[in-house]
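In the block that follows, a single chain appears as structure tokens, in the form predicted alone.
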């Protein structure tokens, strides 16, 4: 019977996500003013990049796959921007 062990990259990514989660929770209790949103978005971007690179295995894919993944993120950004325009332009 062979003993299966998770790859080191997966465990490292999981630990990294846990550390970033702890940073996010800690940030909620630290009053930074307007910088809170910027730091939280930065941490969220790092988390998304970690998940895309490690768990979605985009780090081992070809350039064409990365282009399509980037296009998906681009369209998601457009949709989020259009969706936020409704809330931002209300009086």
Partner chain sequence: MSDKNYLTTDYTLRSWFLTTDHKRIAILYFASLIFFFFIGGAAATAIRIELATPQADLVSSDVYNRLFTMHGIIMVWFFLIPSIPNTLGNFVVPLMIGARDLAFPRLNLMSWYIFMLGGCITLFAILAGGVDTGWTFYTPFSTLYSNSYVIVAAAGIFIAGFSSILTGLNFIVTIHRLRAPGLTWYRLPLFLWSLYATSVILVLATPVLAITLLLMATERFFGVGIFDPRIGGDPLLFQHLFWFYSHPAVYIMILPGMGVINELVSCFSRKQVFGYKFVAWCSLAIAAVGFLVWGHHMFVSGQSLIASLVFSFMSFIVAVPSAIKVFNWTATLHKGSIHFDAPMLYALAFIGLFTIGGLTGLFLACLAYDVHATDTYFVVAHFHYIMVGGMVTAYFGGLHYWWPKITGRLYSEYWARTAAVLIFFGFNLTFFPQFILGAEGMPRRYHVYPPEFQVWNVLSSGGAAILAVAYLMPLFYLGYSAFFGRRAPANPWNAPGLEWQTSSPPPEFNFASQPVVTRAPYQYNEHFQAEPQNA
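Everything numeric in this text was worked out from a predicted model, so none of it was measured. Positions refer to the first chain, counted from 1.
Separately, the form predicted in complex with the partner chain exists; it is not shown, and the next lines address it.
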(message) Taking the partner chain as it sits in the predicted bound form, is residue 3 near enough to touch it, meaning that at least one heavy atom pair lies within 4.5 angstroms?
(response) no
(message) Against the partner chain in the predicted bound form, would residue 21 count as a contact residue? Criterion: heavy atoms within 4.5 Å.
(response) no
(message) in the predicted bound form, does residue 8 come within 4.5 Å of the partner chain, counting heavy atoms only?
(response) no
(message) So, residue 14 and the partner chain: in the predicted bound form, are they within 4.5 Å at any heavy atom pair?
(response) no
(request) Could you list which residues of 52-91 come within 4.5 Å of the partner chain in the predicted bound form, counting heavy atoms only? (result) 64, 68, 71, 72, 75, 78, 79, 82, 83, 85, 86, 87, 89, 90
